[in-house]
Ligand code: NAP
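Form predicted alone, single chain, as structure tokens, below.
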């Protein structure tokens, strides 16, 4: 436990936003120690090399495997102690339709990864962080959680649940010295958005998103929409009466459906 740099846990670290978080933090804190979680071990190993001189422990697990997650957390904390920052970033997205029975396992998988595993990722580290009375929990939500989007019921529901869950958690942990930060990205240029077949307003490079997000975390802000331009859109959508929202968005472009979904 002699390392003097911040101890940072990132789930979904093998690409996209998770990878960008790791690179941004390593640039700011070359003495950092990372716990990187994702299913693709080869991608994690490549990222770990790019983070040098920061140290990185790679855990190639499915984030929905609760027992594997708890074991990895205990292994990391036995060496370095409780983390300073836990970024629960792992998430998946796919189009789903309630009318299609084949979409049922996809719907469940999205909820398991985006919501249940979010809880598990924090629960694995929170008791140790509480014992120190210090640390920050960061959840990655989405502007898609502000209003339900057609064809994206599972994803919108998962991100709405994320926003509300993190708010509850923020209140619960306030007395224990733990900060909870909710970050709601708009459209960020990542492999997840690369498959979208419709215009994405205010599309933001992932490295620029990570810089802004790390600033938000450092400031201890409770909630932030990134980029700022999407905050105005999110507020406007939330204020629209249902009849007008329905008229405007009933025929909005939809996410592609798949027969299965994985992180």
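Quick caveat: nothing in here was measured; it's all calculated off a predicted structure. Positions refer to the first chain, counted from 1.
The next section is about a form of this same protein that is not shown, the form predicted together with the named molecule.
- Only one segment in the set 180 to 188, 67 to 75, 127 to 135, 97 to 105 has residues whose heavy atoms sit within 4.5 Å of the named molecule in the predicted bound form; it is 180 to 188.
- The listed set 207, 62, 215, 46 contains one residue whose heavy atoms approach the named molecule in the predicted bound form to within 4.5 Å, identified as 62.
- A residue is said to contact a partner when one of its heavy atoms sits within 4.5 Å of a partner heavy atom; residue 39 meets this definition for the named molecule in the predicted bound form.
- None of the heavy atoms of residue 22 is located within 4.5 Å of the named molecule in the predicted bound form.
- The closest heavy atom approach of residue 92 to the named molecule in the predicted bound form falls within 4.5 Å.
- A residue is said to contact a partner when one of its heavy atoms sits within 4.5 Å of a partner heavy atom; residue 192 meets this definition for the named molecule in the predicted bound form.
- Contacts between 218 to 235 and the named molecule, taken as any heavy atom within 4.5 Å in the predicted bound form, involve no residue at all.
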